[in-house]
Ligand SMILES: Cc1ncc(COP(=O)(O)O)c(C=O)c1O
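This document starts with one chain, in the form predicted alone, laid out as structure tokens.
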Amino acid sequence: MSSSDDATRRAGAVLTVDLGAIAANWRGLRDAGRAAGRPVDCAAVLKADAYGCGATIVGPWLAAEGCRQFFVAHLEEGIALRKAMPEHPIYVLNGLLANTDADFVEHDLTPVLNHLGQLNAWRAAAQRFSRPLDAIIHIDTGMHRLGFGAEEAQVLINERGRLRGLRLALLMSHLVASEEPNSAINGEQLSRFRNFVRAMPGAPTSLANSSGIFLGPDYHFDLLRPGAALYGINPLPGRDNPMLPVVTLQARILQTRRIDAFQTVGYGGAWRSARPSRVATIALGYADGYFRILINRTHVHLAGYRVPVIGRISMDLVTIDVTEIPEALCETGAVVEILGPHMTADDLADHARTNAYEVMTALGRRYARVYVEPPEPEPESEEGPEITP
């Protein structure tokens, strides 16, 4: 028995990641970018440990599928990914922090430069290391978080010499409301980005995140930057999800008990039985990313039955009402679906009053993780899901 088999056997909860689905989602997004006949490339965003799916596993898998460029948020994420991927470009979105230039150079990572101070520091590093260094310029077109503001962008346009010693790998910006196709800010950002690109010719360009891909070819430029959609999160809220599901989360029943009517369950007595009931306790909790706000407001599935979650979410345990479920299905060790065909990350996010990004990135490290690889592809299955921007 392998160590992964042992970990699964011992675990109270198991997270299964479908690598084939991630690859198919990437291919579908790539093909959507190429639908207009332009040679658009498609990167992969692996920040937050590939949205909880495991960056050092997902990254090499996508590289084998043909993905050539990768984004992370933090320098440490880039260093960890570089060990698993020695050759592909890795870009660090949060940019160049003070006294980290040598780390970027040592690990062959490219900073996304967000202001003139970072640009000056990176150019000084190029001089110190006596060789040109790759750089990405991030222009703020309306997000007002990171990126060159309008005044600094104009300085860069007027003083191109500030880039001397650097190889400009990409000009990029980030959309504010790409999941809202009718939002006026999308067109405003597109116009601002185009104006900057026209004033800074010669470098590849990137604007579209996952939802931005579905705004159409005008937003595609040279490089797509999908993140959430790769992992099955719906890039089109309120519409059918065009992406394949990626994760399944299952937890085991630890114990089932009978209680009388009018008995409370869990901390604070936050749920009270209205009748004689059966309560099962399953092996996950808020330490595993199952949010406390889900108290008395969501459900799980057991053998196809919808089962309400009752009482407060504990650090390590969740209680469910299995009164209506056949007793033979509720024995110790029975598997309960937390995320899967009946409850997607988007569904659970709605119950938790958050978004699927938080659901995915909160997935706990205590789960045993199983990675499913697809069978050898048939010729007709080599493309991803058909996606129409």
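What you see is a predicted model; the values in this text were computed from it and never measured. Just count from 1 along the sequence shown to find any residue number.
Keep in mind the form predicted together with the named molecule is missing from the figure; the text below concerns it.
Listed stretches are 243 to 251, 227 to 235, 194 to 202, 125 to 133; the contact stretch with the named molecule in the predicted bound form is 227 to 235, by a heavy atom cutoff of 4.5 Å.
K47 is the sole member of K47, H351, R27, R34 with a non-hydrogen atom within 4.5 Å of the named molecule in the predicted bound form. Contact annotation: of the candidates N209, T298, T281, S277, the single residue with a non-hydrogen atom within 4.5 angstroms of the named molecule in the predicted bound form is N209. Among heavy atoms of K83, none comes within 4.5 Å of the named molecule in the predicted bound form. Remark: H144 does not count among the residues lining the named molecule in the predicted bound form, judged by a heavy atom distance of 4.5 Å or less.
The named molecule is not drawn, but in the predicted bound form it has no heavy atom within 4.5 Å of W61. The closest heavy atom approach of L93 to the named molecule in the predicted bound form falls within 4.5 Å. Residues of 164 to 195 lying near the named molecule in the predicted bound form, listed in sequence order, are M172, H174, the criterion being any heavy atom within 4.5 Å.
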